[in-house]
Structure formats: C-alpha cells, structure tokens
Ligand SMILES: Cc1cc2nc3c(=O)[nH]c(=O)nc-3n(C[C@H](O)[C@H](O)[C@H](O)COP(=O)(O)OP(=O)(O)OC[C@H]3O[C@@H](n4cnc5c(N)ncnc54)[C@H](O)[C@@H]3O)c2cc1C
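So this first bit is one chain, no partners, the form predicted on its own, shown in structure tokens.
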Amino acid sequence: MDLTFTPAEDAFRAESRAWLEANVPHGLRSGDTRDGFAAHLEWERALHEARFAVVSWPDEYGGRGATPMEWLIFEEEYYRAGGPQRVTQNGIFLLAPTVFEFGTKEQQDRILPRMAAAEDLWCQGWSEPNAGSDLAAIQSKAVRDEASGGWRLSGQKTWTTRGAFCTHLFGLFRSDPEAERHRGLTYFLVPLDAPGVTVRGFGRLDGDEGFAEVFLDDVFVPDADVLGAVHEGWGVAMVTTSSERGLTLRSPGRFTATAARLIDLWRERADPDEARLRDAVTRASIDAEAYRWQTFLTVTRMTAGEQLGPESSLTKVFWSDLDVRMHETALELLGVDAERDDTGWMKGYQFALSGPIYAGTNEIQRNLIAERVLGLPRR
C-alpha cells in the first residue's frame, strides 16, 4: 500500500477543500425531519451542480471519474469542513454500487443521473417485522404476472430510513416460496407512488420522524425494474450490504473529524491531570486513525481488483462501537451540561446508539466474523 499522495490527489484535495469551506451550510435541521430533509436536498443539489455529489462516478452520470483514493480524500475534506450527513446516502452509497455491477445499461442510464441530481430519492427496503438483521427470513413476496410482463409485490417493510420522504425503494422479495432461505429471492426497484404502495412514517427515540413502514398490496413492477437475475437477489444484495458495512456508508473522514472535535472538547473541559478521560480521548483518536488507514488498505485492494467480502463485518462492528465510545466520552466531558447541549454531541450520541443495530446488528456481524472469516463452527 503506497501512502504517498500524488500531485493530482493533492490538487484534488485543495480544490475540494476550497469549495467546501466556501459552501458547506451550517446549522441545518436534522435530515430525518421533513423540513430538514428539504433543506438537505437543497444543499445536495448544490453539490451536484459543482460536480461534487458523486465524485467517483463517470462524467456521464454526474461524477468526475475520481479514483477510490480521491473519493476518500473528498470524504475527509467534506467532514473536515463540517458537511452534514447525506440524506441521499442510501441511493448513492448503497444502491448505486449495485446498479453499476448488476444493472443493465438502460437501468444505469435511467437511474444514476437522477439519483446523482437528488431528483429520485432512494430508501432501503430490507427490514421486515419478522426479518431485521436476518435478511434471509424476509416474507414479502413477488408473484409473476406473465400477461403484464412483470411482478406483483405484496408484504411489509419497516424501519425504512427516511422512507416517508423518499420517492423510490430498493429491496428483496421472495419470488420462489419453495426455495431455501437464501435462494428464490429477487431484487426489485419500486417507485413509492405506484398503485398499492402505502407509506406510513413514525418517530424515532430522538424525536425525529425519519422512519417509515412501507406496505405493498399487489404492487405491479415491470421486468425493467428487476436488478440482477430473477431468484438470485441474495447475491445482488450482498454487494449492497458489503458496501454498506465495509466502505461507503461510514467513511473514515466522519470519525477523524469527530475525534478532532473530541480533542478540542477535552482541551476546553477536562482536568489535564485526570487520566481516565485523557486515555479515552487518546484511544478514540488512535482508533479513528486506525480505521482511516484500514480503509486505505481496503481501497488499495479494491483498486487491485479484489472484492469486499465477509471481512466487511469487522469494519462495521469497529466503526459502530467507536462512534458510541466517542460520544459517551464527550458527554462525560460535558458533565451536567450534556443535558442542554446544543453543539451536536447529545444528538450525535442518540444517533450513535443505533449504529450497533442498523446495517445488520453487531451480534449478527460477530456471527458472520466467526463463521465466514475465522471459520469457526456454527452452534
């Protein structure tokens, strides 16, 4: 792994930093509220106009053709400048890599430019009432409609992040009820304004309203909106989950920026002779840097043609635990002032608590690590 940035990468960092420092908005409401979501969209459309929304995508789809390393550089500069969490992330960071790998040229041309421009807004339809992290247990079904050239979808998706504000959903449906758990699944793309779709929003622990239940009652989806091969959706979905857990959902720039804020907070609030919190801040900073270098290694491997595998579960457990620890340390530094904090630490802590749950619970990830990375037997 070559850790020396090239002149082109240094120039890209300088261009990104200058634009972000001049344009990043501050003080936006949470993107998981309806008003906040609208404000975030305005920001993300400005990103698109400046061709910073999807820097690693080809020019024809709104990107710059940036290398994976340049994407990491942009992410570092984005969070360094205080950029807000992307409300389009489920489409851009999760679905798009899957469309690039499995989508037809027609699907890529139709879906990707509108996604990059924040015109079509995608949410993830994985979880169901009886199938959260156990994705293979989904029960929502797809029945072939040969006469119409498509499928009829029925069932319920839940815990759908920003589902109440999005326009489209991607998800798995059981297309062969006789097949084994991981087989007979098909990956569908569903417009949320299709007849038979009902979206019902509901609130989260922190008071934001960004979750939704999505009910599908005999919803027709044409063959053109099947992503990948029929009955082989599990393999398609693994590309999405590997991207989610291992690289794109939580880039290291987010954590190195939080670690830098934590150090500033320690300097403001801590007794320099108190060892425990000093050590906690030091460990957080080291772990954020370790995650950064590990991600550089991942990008190096991908650039060499390797694919993300089950080891992405290690990454997901690491960053989600790190996020909780950093925010717990910040609240300790704030003491009683944490209750009335308006600088983002309390809000960030409430969100960090969900990290070990979403994108597949850490308990499930540890099982995957044990079985598929370490080769330990199933109990």
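Just so it is clear, the model here is predicted, and its values are computed rather than measured. Quick note: we count residues from 1 along the sequence shown, nothing fancier.
The same protein has a further form, the form predicted in complex with the named molecule, not shown here; the description that follows concerns it.
Q: Does T160 make contact with the named molecule in the model of the complex, using a 4.5 Å heavy atom cut-off?
A: Judged by the heavy-atom cut-off of 4.5 Å, T160 is in contact with the named molecule in the model of the complex.
Q: Going by a heavy atom distance of 4.5 Å, is T67 a contact of the named molecule in the model of the complex?
A: Because no heavy atom of T67 falls inside 4.5 Å of the named molecule in the model of the complex, the answer is no.
Q: Should V24 be counted as a contact of the named molecule in the model of the complex, where contact means heavy atoms within 4.5 Å?
A: Result no; V24 lies far from the named molecule in the model of the complex.
Q: Any of the heavy atoms of S127 lying within 4.5 Å of the named molecule in the model of the complex?
A: Yes, contact at 4.5 Å.
Q: Looking at heavy atoms inside 4.5 Å, which stretch does the named molecule contact in the model of the complex, given the options 101 to 109, 179 to 187, 151 to 159, 280 to 288?
A: Heavy-atom contact with the partner occurs in 151 to 159.
Q: So which of S175, T258, T240, N90 gets a non-hydrogen atom within 4.5 Å of the named molecule in the model of the complex?
A: Exactly one residue meets the criterion: N90.
Q: Quick one: name the residues from 211 to 235 with any non-hydrogen atom within 4.5 angstroms of the named molecule in the model of the complex.
A: Just F211.
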